[in-house]
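Read the single chain below, which is given as structure tokens and is the form predicted alone.
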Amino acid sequence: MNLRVKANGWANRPGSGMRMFLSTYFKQLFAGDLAAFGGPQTDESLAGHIRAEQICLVLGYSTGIMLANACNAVVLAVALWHSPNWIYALVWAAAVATGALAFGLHAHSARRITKPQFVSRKTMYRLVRNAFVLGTAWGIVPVAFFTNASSGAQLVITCLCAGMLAGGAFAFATIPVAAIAFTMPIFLGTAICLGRNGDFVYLLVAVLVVVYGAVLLRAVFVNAFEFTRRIIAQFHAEQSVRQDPLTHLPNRFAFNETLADALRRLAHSGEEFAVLLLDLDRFKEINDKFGHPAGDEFLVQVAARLQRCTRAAEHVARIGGDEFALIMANLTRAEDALEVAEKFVAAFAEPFLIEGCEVVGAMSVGIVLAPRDGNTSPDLLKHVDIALYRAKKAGPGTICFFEATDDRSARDRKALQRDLELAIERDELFLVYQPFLDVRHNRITGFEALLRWQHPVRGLVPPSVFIPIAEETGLIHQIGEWVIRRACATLSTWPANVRMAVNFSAAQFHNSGILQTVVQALGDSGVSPRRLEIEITESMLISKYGSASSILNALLQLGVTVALDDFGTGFSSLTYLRKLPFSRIKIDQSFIRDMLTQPDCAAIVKSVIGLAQDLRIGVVAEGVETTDQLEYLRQTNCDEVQGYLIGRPISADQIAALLDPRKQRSTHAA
């Protein structure tokens, strides 16, 4: 007996085991589970899939069955028009016809919705309940109207009840409990009516009804068992081989088979085709915000929309977490592939409803044409991946065909990635340091550590080139750890009143181990946490890495200070100033560069400095290159400045000379 039963004190009560057994049994029974009748055992996931198939079949029959119910109700009302109970018959017929038509319309609408991947027990309970209500409505007919009806009307009642028995058995042929719930009231009502009449002929008819009902129910059980076994076998086969278990789309294996078939047709008959590779642009954000179950539901809805955009003989495949692909066979024009791609992009115009919230999605598409862009599977897949990469770089909703120049660029990027993997080992990475100047006291207060890569062949590779590669490949974690350790080791050799600022990438916050790295680096170097400053951009705070805020708060509790870089270029800077206790904000150099010539930039600079003072936050102006800019910032009470006027990035061995108080006074007296 399970622990929950014991905890509730049922273990020692007589009959508790039987009550539990009966409770479980009836739950299975009314959920349509054939295990209640000795059928195959299934887990809830598979049972939900079987229920989905059963419901879909019932919905397929429902429109016709409900229309037949409405027509039969009208026929009965006409047959009983001259009977003493014609008013009751009319009321009954109106109620049944109205209810049947309403349910039929609902079933018709439900069939237009995406086929469910899973149906809960509650849905099946409602189906069984509705079947019983409708069956009871027809079971009332022989009991209420048969005795006072004319012989012709009695014949109509008998035929209608027999038809309802057959129709119910047919409609619920895969769900025995629903078939029983529908047919049993009709069967009992008919048998009682015929049996109490006393006429021998009616008794014979009653016996025939019993036999008829038994045969029907046996057929229902035979069909239901066979249907369930077939669905189970099909489910397991497709799950493991060709079907994506979540979206029920073809999986990568099935996609590869279709691609191989298309290549064979290309070789034999010259039939051209296109391969479209699709990638969701904000899927990670949805997963982080709503959780993985919501992300799965989003993928299911996406799959349904995408499939509706294709031709009847073609199927979108899910080949990765948020990647989909389509092979367009018998392609005559490149514009046909573009038209389908545009339909895919347009399918995201309407928001998705996830857990009661509207979620906006976006998709990028890469396209290759065979044989123009390749006639082998590896070439086509490589080229379509390159085309998709360019589309994603261009922004959400972009469609790109493969171009020959893409291949050269991709090869060059791949080579750079391989070299970057060895850059630390070969000691090719190094740090340079750009100073911060305290405007009021004309002294150096700290340095920003800037990463550089000296490639043995390419020379100095700009950070704007290799940092994105590091972020996309995950190398940023290894490189970031090296930067923190090297920066802290260097900082330990400087005076205690000088700080070090280190830039953090958004991707680094995807790894919670970054916190431990900072703690170890500070401990190994013996540096006080308050001397280490983490610089982050606002785009990092609103990025797809949902763990950023928690890691930042942990760093703040450690004593590390945090600066908000490129202030004014994001979307919600003021919001984040309230959410996190920043030590400093850095005014983007685009405002500093134009503040002496453009009044709007000057107004922004003044406003930001005033805001920072009110919030008791330090403010640093980036990109100061002239003495006029420095003087203007001094007059506006800016705390610190940084730029080529103050000092260009320098190596660690040049820091000591720059920190000499006499040199600082002579250099910055202006």
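Start at 1 with the first residue shown and count on from there. Just so it is clear, the structure is predicted and the values come from calculations on it, not from any experiment.
Heads up, the form predicted in complex with a small molecule isn't pictured, but that's what we're talking about next.
Visitor: With a cut-off of 4.5 Å between heavy atoms, is residue 485 one of the residues that contacts the small molecule in the model of the complex?
Guide: Residue 485 lies outside the contact set for the small molecule.
Visitor: Please run the contact check for residue 618 against the small molecule in the model of the complex: heavy atoms, 4.5 angstroms, yes or no?
Guide: Output for residue 618 is no: heavy atoms all beyond 4.5 Å of the small molecule.
Visitor: Is the gap between residue 623 and the small molecule in the model of the complex 4.5 Å or less for some heavy atom pair?
Guide: Although the small molecule is absent here, residue 623 would touch it in the model of the complex, with heavy atoms inside 4.5 Å.
Visitor: Give a yes or no for residue 530: in the model of the complex, does one of its heavy atoms lie within 4.5 Å of a heavy atom belonging to the small molecule?
Guide: Residue 530 lies outside the contact set for the small molecule.
Visitor: Should the three residues 33, 170 and 174 be counted as contacting the small molecule in the model of the complex, with contact defined as a heavy atom within 4.5 Å for each?
Guide: No, none of 33, 170 and 174 comes within 4.5 Å of the small molecule in the model of the complex.
Visitor: Check each of 157, 467, 205, 514 and return the one that places a heavy atom within 4.5 angstroms of the small molecule in the model of the complex.
Guide: For this set of options, the contacting one is 467.
Visitor: Name the single residue among 566, 244, 419, 481 that comes within 4.5 Å of the small molecule in the model of the complex, judging by heavy atoms.
Guide: Looking at the other structure, the residue within range turns out to be 566.
Visitor: Have a look at 182-190, 69-77, 86-94, 447-455 and name the one stretch with heavy atoms inside 4.5 Å of the small molecule in the model of the complex.
Guide: Contact-bearing stretch, as computed: 447-455.
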